[in-house]
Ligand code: BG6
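Single chain ahead, by itself, as structure tokens, in the form predicted alone.
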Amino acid sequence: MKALDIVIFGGSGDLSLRKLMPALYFLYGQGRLAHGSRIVGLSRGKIPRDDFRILVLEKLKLYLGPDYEKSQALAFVELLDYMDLDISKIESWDKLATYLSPVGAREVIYYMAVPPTLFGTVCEQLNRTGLNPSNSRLVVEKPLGEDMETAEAVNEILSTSFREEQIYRIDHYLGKEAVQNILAFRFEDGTLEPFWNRDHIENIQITVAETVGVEGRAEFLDRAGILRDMIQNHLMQVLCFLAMDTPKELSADDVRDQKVAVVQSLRSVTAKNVADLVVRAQYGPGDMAGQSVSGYAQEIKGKNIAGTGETFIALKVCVDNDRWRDVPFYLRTGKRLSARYARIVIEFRDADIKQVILNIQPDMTIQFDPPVVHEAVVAEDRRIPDAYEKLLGDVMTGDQSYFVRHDEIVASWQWIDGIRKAWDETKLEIHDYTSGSMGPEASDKILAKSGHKWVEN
């Protein structure tokens, strides 16, 4: 294991302090950061290095709670440097080049904890100063773009300075241990894989329910909607892991090839079928944990927000290939629902196995109906690594298995764009649902048409 440099653009920002520093703290405690490694935070503000270290210590103590160990934290922050960088000034980049010199002597990871609007300038300057050697890696946060056109534009920016194998598009949902366990559940034991097809499975349901409202993200969510914010990102990844064919081996490219094949097999949503496959809605007033709450329309009243974004979406997804033809995948996610959880339900046609439930959050469990001998709780009495910890560890080792490739992003945006086009053409109704419920009655009807029901807690 060799020393490396981790450079965080936006190093003093919320993402860095709340997620990246705690993740790196744990990786350091596991001995996965070699002696001599450096973590440098870059931001416009002029912050003395010691003050930056004190800030990180304060945030570690705040966010880690009982997992905070003072001696480990003090040792960890010795790896930290800080540099003020104005991305518009060449002299700032020359200073960074001097800091990293000799460039290429050690691996360097660049983490873009900044808005996508800054990607172009950052990549251009990294390329100009030769700070993108073959052993460098670039980490960018999804979502990338808000449709296929803008996603292509972002990728064009990234690819001018980095090759595809250097780019790590991070979707934190792929770092969740329970999501990664889907592949282990399907392929490592192999017991269920012969039954993982249209001959044995009746339907599959994926639910990600949130109790919070749009809160401080109202402007973004109204523009993007929950379809683009959650389906295109997180639920699409879960769908791919559940529906993918068995890869030749569990290598990064083999896994991602199979995920792309799933997305390319999704039945298009058009003006002719959108009403049968899609329900969108906004939450209204209701009761949450014994307290009355306002509806979405009331919350954005008086703000410069159109009020057309959906806060709930339910989809019937058809995967048109030999394995899954005629087996519906039902996807559901929304705000202000009755409980916070993420769960997969697989309903079987077979009498000996009726149902398998994979709980992603808040608890990681696998439940069989009827119960079987090897039914087990996945979550043990241990600290469950945060998604960023697992994914940053993969970046450090160069493993792209749980990162999204460009062709998958393009294919998924093409499918999502088709849904939005179809509901615009048909002026698809935006239903209302009561805060504290599990969404509008219309979402139940999507399943009822095929003789199915949502499996609730």
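Note that residue numbering follows the sequence shown and begins at 1. Note that the coordinates shown come from a computational prediction; the quantities given were computed from them, not determined experimentally.
Below, we turn to the form predicted in complex with the ligand, even though it does not appear here.
Shown alone here, Asp229 lies within 4.5 Å of the ligand in the predicted complex, counting heavy atoms only.
Using a 4.5 Å cutoff between non-hydrogen atoms, Lys142 counts as a contact of the ligand in the predicted complex.
Mapping the unseen interface onto this chain, Glu210 counts among the residues with a heavy atom inside 4.5 Å of the ligand in the predicted complex.
Of the heavy atoms in Ser159, none are within 4.5 Å of the ligand in the predicted complex. Taken together, Lys316, Lys421 and Lys427 are entirely out of contact with the ligand in the predicted complex: none brings a heavy atom within 4.5 Å. This chain is displayed alone, yet in the predicted complex one of Arg323, His172, Arg267, Lys95 has a heavy atom within 4.5 Å of the ligand; that residue is His172. This chain is displayed alone, yet in the predicted complex one of Arg186, Arg340, Arg128, Arg349 has a heavy atom within 4.5 Å of the ligand; that residue is Arg340. With the ligand left out of view, the stretch that reaches within 4.5 Å of it through heavy atoms in the predicted complex is, among 229 to 237, 79 to 87, 255 to 263, 160 to 168, 229 to 237.
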